[in-house]
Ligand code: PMP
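For reference, the chain that follows is the form predicted on its own, supplied as structure tokens.
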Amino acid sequence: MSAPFAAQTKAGVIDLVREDLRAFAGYSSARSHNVEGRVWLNANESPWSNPTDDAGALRRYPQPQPEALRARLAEVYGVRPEQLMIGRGSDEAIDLLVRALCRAEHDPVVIAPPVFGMYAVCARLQGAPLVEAPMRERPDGWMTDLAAMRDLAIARRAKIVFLCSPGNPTGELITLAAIRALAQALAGRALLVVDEAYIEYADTPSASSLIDDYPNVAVLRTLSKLHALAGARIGCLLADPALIDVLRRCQAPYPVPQPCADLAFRALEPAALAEAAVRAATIRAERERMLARLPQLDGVRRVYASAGNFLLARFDDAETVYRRLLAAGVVVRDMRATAGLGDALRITIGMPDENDAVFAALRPEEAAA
């Protein structure tokens, strides 16, 4: 990218933030000041440890952004620490982005349904107009209409465009080249947020590689999926440092509990990452096995290829299939309330025996064979 274009987009990312929040100081917590001491009497904490806390660490408030974890996450994701904000899963970052950039009833958010529902929920809570560019269903699967999203974002003066890649629930993977082209078209106009919650299950580079050249790109990552820490609620936003700085000032004072930060740090050690890579390979293999076998079952109308750890399937009678799976103790996601998916269920890829339970429930005679 040319230097003038890079400078233009760098200035534009702060211009996308609500004017009343650009210089907002936020809350200055006791832990936001970098001071050292032996006797800590600045945060109104208990001088005693909780009887259940053997280490005695939990009586203290945690760091607003655990620095060791932030540095390790930045290393794993290939960004600089100042380009990363840790939060409560990806959901907190989605909410912060909408609140910080969108004025109620004025600045739209663009999405491509069917897609992860939190984008619409956060827009609704903020009062931001929601603009939809529905995905297209083609013979080879789902396709996000990026041209329509671009045109709607420009015409409606949207502040945020949300992409999910791999898409939830469709499993669609958007190429890095396509994301780059959309980012360039929206430079100075809108922030392009790429949700990569499932990217570890796909063979593709992260859009975070675009941030230095396209500061209007932000990327959502999470430890909830591959790293098996959904209950710890650790996610992060990768973005231009100026945007990270604004969002940090809008964030709650202590977003990451210390035990969760400790768990996350251990999950990013080399041995744990190696094990995660093995598990990702297992999920990919099981995904292809299920993709091949599910269409052979009676009543399965269509199963879509996926780059995530799930498959979206259509059924002749989704209600009967859903109840049959529940009767067998198998819980899947009912998608029938989603527009255009009135006959669909989403099935997460589990361990081989869990996936076999799906086959057995839908074709009971196989279990006895």
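Being a predicted model, the structure only gives us computed values, none of them experimental. Sequential numbering from 1, following the sequence displayed.
Same protein, other form: the form predicted together with this ligand, not shown, and the subject of what follows.
> Closest heavy atom of Q251 to this ligand in the model of the complex, within 4.5 Å or not?
No, Q251 sits far enough from this ligand in the model of the complex that none of its heavy atoms falls within 4.5 Å.
> Is there a non-hydrogen atom of R233 within 4.5 angstroms of a non-hydrogen atom of this ligand in the model of the complex?
Output for R233 is yes: heavy atoms within 4.5 Å of this ligand.
> Mark D91 yes when one of its heavy atoms lies within 4.5 Å of a heavy atom of this ligand in the model of the complex, and no otherwise.
D91: yes, in contact with this ligand in the model of the complex.
> Does any part of T204 reach within 4.5 Å of this ligand in the model of the complex? Heavy atoms only, please.
No, T204 sits far enough from this ligand in the model of the complex that none of its heavy atoms falls within 4.5 Å.
> Just one of Q184, S209, S224, Q258 has a heavy atom within 4.5 Å of this ligand in the model of the complex. Which one?
The option sitting close enough to the partner is S224.
> Please tell me which of L96, L237, C164, A128 lies within 4.5 Å of this ligand in the model of the complex, judged by heavy atoms.
Of L96, L237, C164, A128, the residue with a heavy atom within 4.5 Å of this ligand in the model of the complex is C164.
> Given that the partner is absent here, state which listed stretch (83-91, 148-156, 292-300, 211-219) has heavy atoms within 4.5 Å of this ligand in the model of the complex.
Contact criterion met by 83-91 only.
> So which bits of 187-203 sit within 4.5 Å of this ligand in the model of the complex, heavy atoms only?
Contacts from 187-203: D195, A197, Y198.
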